[in-house]
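In structure tokens, one chain follows: the form predicted on its own.
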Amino acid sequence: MSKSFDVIVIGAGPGGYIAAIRAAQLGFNVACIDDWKNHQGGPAPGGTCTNVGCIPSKALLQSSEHYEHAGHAFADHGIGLKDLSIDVAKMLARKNQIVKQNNDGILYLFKKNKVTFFHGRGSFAGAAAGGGFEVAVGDEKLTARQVVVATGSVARALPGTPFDEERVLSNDGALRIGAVPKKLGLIGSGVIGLEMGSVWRRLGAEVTVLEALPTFLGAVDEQIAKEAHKAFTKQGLKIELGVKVGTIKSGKAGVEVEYTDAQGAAHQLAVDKLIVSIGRVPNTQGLNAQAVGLALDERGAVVVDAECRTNLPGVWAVGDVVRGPMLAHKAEEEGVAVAERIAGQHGHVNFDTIPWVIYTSPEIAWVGQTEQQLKAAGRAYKAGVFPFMANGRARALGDTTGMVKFLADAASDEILGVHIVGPMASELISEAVVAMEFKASAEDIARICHAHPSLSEATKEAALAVDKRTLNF
């Protein structure tokens, strides 16, 4: 006999577990299914983000940043250290503990909100006899009239070079490297590649990045990307642009990568470990979409409309498994919106104000349009830039790399985009998101009192710069 629910959510990543909790808050009887396992084989809800993505990578980034500060920056503060060392096993253990805390936190939230959790792979089993859909999880059958697909994404491998997670690594293997490699290769200069490259570079690895595109961080505002490239190169990351990767050979001695540079010259790169970071693909394998006729596109993504409805009445999809940016916070917003739409409310997600962050050092964050996008659209705009080297708090921190950049409409002064490279950019961008959500002008931010001394003053000064009236630069 099947168990009946109002809503079944398949997947407990950021989109899935948030959708389940919000639906339960709205009075529905909710089940959430997820098959992630911890090292002991127990449930590990949270998806890629919690288990092998956002959370563990930030833990390692923090550890490696402490190590680098101790080795290079502490002396400037009058702090002397002898015999500095890194215990990679302890660093990884701390990372694993943080992941477990997040896993356990989600299980607690399910219990608190009366969401029934099933540990296993969820898949469509067909139409339910009384209407709705039947979903299988192990030997159990669940039914519901509303189903939310939130199965996330998986790392894309290079053709002919599968991940072995020992020498050829996805984000999963990159988070489990047991010792600092002498030489580390990265294929792709995306978010995951740069963040993991930053971790192991700080700990002593010689890091080479091979990027197929002729430009660095093409989705980022060009001025910001150039500043970031300069900073990363100065730190010791070797970044090769416009390369064409050829044969990759993996053996006990490491990995050899043959590639052609932008000028057509052939090269061989020998590394101990190779991280492949060339994007992610929607995770719909095993969903058994054909059992109910759920439409997928050529990438394997679930086809949805602007409100996350699929071609099947009562079936929704959110997060990485659908169109749009593969960002945890985008998935969360869609999860809330879908739960509210199921309840007859008007859930809303504004794709124009979704922030992006790369947690390198310096951090990179942005929201809205880039200068190159505005030029391509032929839109008249004004730009304002303020460097962190002119910010008192940044000087006190000893981290003055980067800038804040505002882009505003030339006539109305409405903020069209804000781009930051520098200290705590991930936190500073939130002010810009709020401002853009409320259709603020650059002058609005320029006239708001910001605490002194604070990094946020750079935001105010960049807004002032739009009207060419900075006060401290």
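On a predicted model such as this, the values are computed, not experimentally measured, just so you know. In case it trips you up, residue 1 is the first one in the sequence shown, and so on.
The same protein also has a form predicted together with a small molecule, omitted here; what follows describes it.
Participant: Give a yes/no on whether D35 approaches the small molecule to within 4.5 Å in the predicted bound form, heavy atoms considered.
Facilitator: Contact with the small molecule, yes.
Participant: So, L327 and the small molecule: in the predicted bound form, are they within 4.5 Å at any heavy atom pair?
Facilitator: Because a heavy atom of L327 falls inside 4.5 Å of the small molecule in the predicted bound form, the answer is yes.
Participant: Does at least one non-hydrogen atom of D221 fall within 4.5 angstroms of the small molecule in the predicted bound form?
Facilitator: Because no heavy atom of D221 falls inside 4.5 Å of the small molecule in the predicted bound form, the answer is no.
Participant: Please tell me whether any heavy atom belonging to H69 falls inside 4.5 Å of a heavy atom of the small molecule, as the geometry stands in the predicted bound form.
Facilitator: Because no heavy atom of H69 falls inside 4.5 Å of the small molecule in the predicted bound form, the answer is no.
Participant: Heavy atom within 4.5 Å of the small molecule in the predicted bound form: which of R395, R309, K230, R121?
Facilitator: Looking at R395, R309, K230, R121 one by one, just R121 meets the 4.5 Å heavy-atom criterion.
Participant: Considering the small molecule in the predicted bound form, which of C54, A440, A446, M424 comes within 4.5 Å of it through any heavy atom?
Facilitator: The option sitting close enough to the partner is C54.
Participant: Given a 4.5 Å cut-off on heavy atoms, tell me which of 402-410, 55-63, 416-424, 431-439 is the interface stretch with the small molecule in the predicted bound form.
Facilitator: That would be 55-63.
Participant: Looking in the predicted bound form, is the small molecule within 4.5 Å of a heavy atom from each of Q25, F133 and G335?
Facilitator: Contact check failed for every one of Q25, F133 and G335.
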